[in-house]
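Given as C-alpha cells, the chain that follows is alone and in the form predicted on its own.
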Amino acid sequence: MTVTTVSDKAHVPFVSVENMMRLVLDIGVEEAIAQIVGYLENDFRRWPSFDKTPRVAAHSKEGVIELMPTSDGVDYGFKYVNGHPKNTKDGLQTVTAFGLLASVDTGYPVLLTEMTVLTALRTAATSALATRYLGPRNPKTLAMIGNGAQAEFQALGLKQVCGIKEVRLYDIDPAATRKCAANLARSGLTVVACQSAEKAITGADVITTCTADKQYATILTDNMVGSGVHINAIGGDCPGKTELHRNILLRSDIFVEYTPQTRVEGDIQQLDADHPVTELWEVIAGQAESRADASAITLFDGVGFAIEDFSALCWLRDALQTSPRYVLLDIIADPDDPRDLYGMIQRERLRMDMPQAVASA
C-alpha cells in the first residue's frame, strides 16, 4: 500500500539532460537557437529593468565555479556553472551547468533544469544576435577558431539567424576540427577544415574565437584581421584569459554585455579602465550606433551574463507548455499548516509505519 503525500504545490518541473536533448531535437537545433534569440532580443531591449551584478566567482588554479543571478522583478533566475579546461583530459566536460527560475511573488521555484546544453544554445544565440546587429550586411563566411563543444552551435546559430553559408574551421587540436567537420557535414553549410588560423580567417566576414585555455593568449594577431569584419570573442571569460592581441582591440569598435564584468573577464581587461565600449543592449534598444561603416571592425567581447541565462530559462519554461519533456520533482515542503513543518515530519513517520501495520493486520 502506498500513500501519496505530495501536493501539486510541492512539484517543480525538472528538465534532465536527456529531456533537454529530446526537446531540442523536437524543435530542431537551429530553430531552438533562433527562438532563444527572440527572447534575448526582448530582454536586451528592457535591460535597465533587470537586477545586474557581476557573477559570483570562486577561482582556483584548475578553473572557476560561478553563480549568475538576476531578476526582472517578476521572475528570478540563476545559473550554476563551472569552467575547467583540464577536464577534457579526464574525459569530462569543460563547462557544466544547471539553473533555476522562480516567482518573485512567492519565492517558489517554477523550473529546475540542466543548463550545459541550454548554455550552449544561449551562447550561440547571443553571438548570432550580436552579429545580426553589429556584423557586415549579408555575411556569408564564418571563421570558427576553436572547434570544441560550442563550435557547432555557433555555426548553426549564425547560419539560421544571419545567413552564413560557409564555415572555416581551425583548432590547435586536429581531432577537434575533424569532430566539428563531421558533425556539420549534413548541416547545409560548406565546411572547410583549415591548417592555420590565418587560412581560416581568409575571406571571412565573421570571426568567432572560442578557445578554452585559462591564460593570456593571442589567438588572433593584429596583422590577421582586416577591415570590415565582425569578431565574436567568446572564449575569454575570466581574469587572466584572453584571445586577441591588444592592437586588434585598439582598432575595433567594442561592444560588451555588462561593462563592469567584462572589464575584469573579457579581452578588454588588456585595455585601460576608461577605454570606451558600448553595451550591446544600447544598440538593440536604439540608444547607440552599431557599425560605423562598411570598413569598421566590430568586436563583441562576450563573456556571458546572467540576463542571457534568464532569457534562456524563460524560453524553456514557455516551451514546456506544449512539450512533455520534463518530470515533476517533489522539492518544496508543503505542510497542511504552513506553520507546522515539524508536524509534517511526524505525520510522515505515521505514513511510513502504515504499510507494516496493514501487513500485520
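Basically, rigid core = biggest C-alpha set you can superpose within 1.5 Å across the two forms. A quick note: this is a predicted structure, and the numbers were derived from the prediction, not measured. In case it trips you up, residue 1 is the first one in the sequence shown, and so on.
The discussion below concerns the form predicted in complex with another copy of the chain, not included here.
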query: Check all three, K165, G302 and R317, heavy atom within 4.5 Å of another copy of the chain in the predicted complex; finding: no
query: Contact label in the predicted complex: G107 to another copy of the chain, heavy atom within 4.5 Å; finding: yes
query: Contact of D90 with another copy of the chain in the predicted complex (heavy atom, 4.5 Å); finding: yes
query: Exercise: A34 in contact with another copy of the chain in the predicted complex, heavy atom 4.5 Å; finding: no
query: 4.5 angstroms heavy atom contact with another copy of the chain in the predicted complex for Y76; finding: yes
query: Listed residue (A120, C194, L271, L189) with a non-hydrogen atom within 4.5 angstroms of another copy of the chain in the predicted complex; finding: A120
query: Interface segment, criterion being heavy atoms within 4.5 Å of another copy of the chain in the predicted complex, picked from 225-233, 147-155, 248-256, 283-291; finding: 147-155
query: Heavy atom contacts to another copy of the chain in the predicted complex at 4.5 Å, residues of 64-88 in sequence order; finding: I65, L67, P69, Y76, F78, Y80, N82, H84, K86, N87, T88
query: Displaced residue check between this form and the one not shown: P69, CA, 2 Å or over, core reference; finding: no
query: Threshold 2 Å Cα movement between this form and the one not shown for R347, core superposed; finding: yes
query: Per-residue C-alpha change between this form and the one not shown, A57, threshold 2 Å, rigid core fit; finding: yes
